[in-house]
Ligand SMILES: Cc1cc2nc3c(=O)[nH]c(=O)nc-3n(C[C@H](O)[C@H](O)[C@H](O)COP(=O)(O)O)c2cc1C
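Just the one chain here, laid out as structure tokens, in the form predicted alone.
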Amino acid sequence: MILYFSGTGNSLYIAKKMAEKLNDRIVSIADLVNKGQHKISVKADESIGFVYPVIACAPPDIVTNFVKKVVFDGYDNNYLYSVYNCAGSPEYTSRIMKEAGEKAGLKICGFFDVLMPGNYITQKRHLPPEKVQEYLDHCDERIAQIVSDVEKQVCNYKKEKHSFLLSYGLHKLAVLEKTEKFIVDDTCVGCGKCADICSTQAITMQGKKPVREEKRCAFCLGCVNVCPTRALNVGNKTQGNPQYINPYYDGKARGVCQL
């Protein structure tokens, strides 16, 4: 089983590619959270993977909170692994996932990374177009390597030598950005793409305008990245910054993410 969370399609792309090669099933963490479902049946010999993006130097809170609560019915020391994707430094991402698993009595022992273009466009720094394409060109090769290691049930955790402050401090500060006002300007055409891409169902269309429920928002920024007219922004932090959506993602999270 591959459990994934995706904002703009990178993690979904990785999960699908891995599932094809492993003949495995993929399940949306956001779908399960929306349903309040934290108990999942697994076979005794079934590997369990978590695929997700790095958001501000750490795993998304929706992922770590899910890992802490999930109960695998039939779990018997199954092989568990973690696959994150990011455009920069992951900092203590693997350590945070390892600790989250331990709180639920789960031993995550395989840790893997995939370089993918970032979508965190509240920051002024971003990858140049040529680097974005370079990451996309090499991701399939990296995914194939990870699949091979998962099949061998590789356990490879190593203590990271990164910044504790960035993963445990900056991440918390960055997540507070979601409390900033989401601005919808007059260029909004009411297409609903922002609602379609929101896997946590935090955005609804009301009077042909998007309205966000802050408590449900995972701050993945999929809504801002997918807007065709740049009508949706987080304050003035995202205005004018390049958007990113995985080229193989149709942007429709609702009703199609659980496969």
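One rule holds for the numbers: they count along the sequence shown, beginning at 1. Given the structure is predicted, the values throughout are model-derived calculations rather than measurements.
This next part talks about the form predicted together with the named molecule, which is not shown.
Partner contact region in the model of the complex: 81-89, out of 81-89, 147-155, 101-109, 130-138, criterion any non-hydrogen atom within 4.5 Å of the named molecule. In the model of the complex, the named molecule sits within 4.5 Å of a heavy atom of residue 53. The named molecule is not shown here, and in the model of the complex it never comes within 4.5 Å of any heavy atom of residue 66.
Under a 4.5 angstroms non-hydrogen atom cutoff, the named molecule in the model of the complex lacks residue 194 among its neighbouring residues. Under a 4.5 angstroms non-hydrogen atom cutoff, the named molecule in the model of the complex lacks residue 94 among its neighbouring residues. The partner is not shown here, but in the model of the complex the stretch 207-225 reaches within 4.5 angstroms of the named molecule through a heavy atom at 219, 220, 221.
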